[in-house]
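Structure 1 and structure 2 below are two forms of the same protein chain, each written out on its own as structure tokens.
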Structure 1
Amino acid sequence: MSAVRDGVRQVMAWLHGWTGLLLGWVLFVMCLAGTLSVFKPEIGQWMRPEATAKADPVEALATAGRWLAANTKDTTGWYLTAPDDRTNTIEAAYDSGGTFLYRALDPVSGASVARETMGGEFFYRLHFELELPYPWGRMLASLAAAVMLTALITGIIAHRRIFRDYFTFRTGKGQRSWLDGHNALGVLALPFHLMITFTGLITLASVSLPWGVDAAYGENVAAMYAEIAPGVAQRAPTGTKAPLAPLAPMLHEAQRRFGGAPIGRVYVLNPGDSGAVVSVFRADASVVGYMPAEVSFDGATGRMLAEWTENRPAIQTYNTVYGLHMGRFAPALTRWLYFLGGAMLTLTIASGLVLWIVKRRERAPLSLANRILERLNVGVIAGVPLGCVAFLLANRVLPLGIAGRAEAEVSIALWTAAAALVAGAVLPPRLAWPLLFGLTGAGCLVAALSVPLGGTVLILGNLMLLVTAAAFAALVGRQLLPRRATPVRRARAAA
């Protein structure tokens, strides 16, 4: 290459800008939802304040199995996550007559809890499926992650003084301040940003890059699954009805084979059929690697079919990379660091998107395309958090026991975000920013006051909501109160 070094930096800065813009709004939604997903079980507890009953995990799973057997029809499977010290319900995903449902089941009665909600599962799904049908949501998320990796690397190469900018923040200077903020946020947790983006790309590999599998296995994908998880028995339904054997003895046997380690997940495939299979997975809360061990049983007889403890180096590396992204191994302090890292990445993306506009507006009047981008910025950056708050408020406002309650909460969140996008498009930005931020802050305040205090998770959740409300109030204050002694040009730029 004949380029001088400054040329390389210029090209990288240009590429960083365009790749960042290309899917910036998608990345903003993914990072925000992913950051919230760090506290998925805790958000679930906050959204189900009545569900305080506790039971032994094995008993709870067995009870849930009995309720599901009586309440699902034409089902292809149930996917259960055992309760642990962070959740007091069983997270269930199951197929019932062709509809796939996510519900929290009460550990004592086994029934779906009265305040039906997806809870933290909503943010988790939004993070990698973007509320789009399979596999398109996951494809878009993969693409966004790949673009993000490019944006990060080009951002690093373009960066001239990475260490000095760590400590540089010039306030009240328009473009300069936005750039300093963007750099500081991006650099501060850079190793985390690189780790979470690369590992995120890996989690969706089966959807986005199946060509390694294809090259080695061709059409025989079943062989690949059998070799990846030899402890999961593969079996098609026979079509002959047969009741499911009691789950508790199978779960006790699995736990004995895990050396006493707790159960993480239980998959029941084709329940009610003589070809039913019960696969039990060891919990991964105490190890970084995902899927450390599994055991399968014949669903109709309870006889063990297969057993596996993972120790193959490449697969364990893959599972560790996957587990690093999921962060389920993380103790409390690490969990908060994941949350802070995610929050910083979300803010890095938001400030980058704003910077795109600020930079162009300081040089010349905005072109039509950039005026559209500016309004999209308002709608997404201010509107998506508002949709998230609407989700929490809908959880408190919707009457218990109505049909499709959990799905209604999600609809309210999506319609609120859509309305915010329209408001961002229609209203001038200097009005739309404080309006949407103000509503989000007010929503956080109301949500924090919506439940009587009780239990550490509820208290901490409400405190977080109050802190968020204060942050949004401060943002609105800055936008509405013009600071004195600011030159007119800068005041306009900062508006």
Structure 2
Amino acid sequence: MSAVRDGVRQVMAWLHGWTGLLLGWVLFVMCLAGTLSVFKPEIGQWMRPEATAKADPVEALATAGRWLAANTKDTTGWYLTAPDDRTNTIEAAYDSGGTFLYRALDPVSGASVARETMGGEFFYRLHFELELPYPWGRMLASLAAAVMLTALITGIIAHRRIFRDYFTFRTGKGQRSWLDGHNALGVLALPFHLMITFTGLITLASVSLPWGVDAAYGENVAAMYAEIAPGVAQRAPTGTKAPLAPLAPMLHEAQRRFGGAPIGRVYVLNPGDSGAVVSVFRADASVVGYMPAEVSFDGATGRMLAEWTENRPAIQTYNTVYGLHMGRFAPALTRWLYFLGGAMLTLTIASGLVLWIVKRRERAPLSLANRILERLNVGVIAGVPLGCVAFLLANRVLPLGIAGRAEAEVSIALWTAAAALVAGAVLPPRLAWPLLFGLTGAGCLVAALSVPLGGTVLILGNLMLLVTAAAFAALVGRQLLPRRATPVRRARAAA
């Protein structure tokens, strides 16, 4: 029986290593971006330090509606997210003159804020779309999540002493040290890692497992959405112009029907047309399993058209799983635990990728394939954080008011990460690691010093950047220390 168990563990260890390697770089990007997304609203505040005004959410939405009515044309819809305790701007998506735009609007003036940026939305989108066109990014993310779940389960089975390993860390012993670190990071937050991976896989199930939807609805996607959200009121534009009725009375009426619960989102379809529809949604930040509630009004007259509250158990089950993954319900302490768990998962993946190379280097000289993998490790593990820091620095360097400013920030982040990937491929790892880590640490330091102190979010953001800069400085110092000779077990045995 012992031989059978050992055989199973060896198979699981082999599967754990290969599944982790094949999509490890994709998983590293997803986990790093997902970890940062925990503080998506706060990152948005940090990247818009001039936007300090606050206003009642209803008044802010009404003001934003007036500004949009005066400053957009040929619009098919406005999609607004109300400000709350964590966000001091109105997040707006709308089309104008054939261009689809994403903007943060000032809650007092309703106008687009001066420092145009995607803020934390960039990391959120990167987490599950990987900057790839729909649906390819989401399909790759879904495949990576499935691989991650396989790696976690096989890793549990492969471990002989899973809990003892958590309390074991031997420094300066090459492969043994990397394995100890990988095990400790993976074991400590294992329940969180399993939960976040499983729920992430479920949230992308419509992309990765489309056959059920295809069998039930075929190409009639509208029928599917109508069944999922039967309370949605939609009307085609009439072509007859009509001013939008004041939003504030509609918002107050919807809030009264929500039992005083805050408003989360407002959709205005066909604004400026007599067929306009205003749909008001209850906020989803207070519960794990959010159940949609919506009140719709005739946009031209303000008359209520429909009222709907979701209460189907299957929808609530899915929404609970979705809510657990998103963590919007989480109070501050839980949010930090999400962040810490995500950071540990990111480091588990990174240490696993490095461990793959260290194991093979200690057994024999690296093959050409493993030397390529080693340099890809450098480019991705050191380059992606450098791209993230470049995104923050671009937010400070680019002039205010230039066209396409938000897109330019994203481009700088992606080109920086690409340049780091090239540097990792060209330079020897003993030079590339400290160079890229040093640039990332220096970037964090400069970013922290570039923001004036003012408000809790800015202070905490700067402190996090300083801590990160110190961590990268320590990594650089360790990289530059003289190294002991790496043992080559098989070579010695052969000799």
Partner chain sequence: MPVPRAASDSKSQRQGWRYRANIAIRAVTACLGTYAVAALLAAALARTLPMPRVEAVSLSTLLAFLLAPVVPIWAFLAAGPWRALAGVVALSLLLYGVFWVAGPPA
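Keep in mind it's a predicted model, so treat the numbers as computed, not measured. Take the two forms, find the largest set of C-alpha atoms that superpose within 1.5 Å, and that set is the rigid core. Here, a residue number simply tells you its place in the sequence of structure 1, counted from 1.
Here the chain taken from the form predicted on its own appears as structure 2, while structure 1 comes from elsewhere. After superposition on the rigid core, the Cα atom of V213 is displaced by 2 Å or more between structures 1 and 2. Positional change of E129 between structures 1 and 2 stays under 2 Å at the C-alpha, relative to the superposed core.
Core-superposed comparison between structures 1 and 2: CA of F391 displaced by less than 2 Å. Once the two forms are overlaid on the core, V295 shows a Cα shift of 2.5 Å between structures 1 and 2. Aligning the rigid core between structures 1 and 2 leaves the CA of D273 offset by 4.4 Å.
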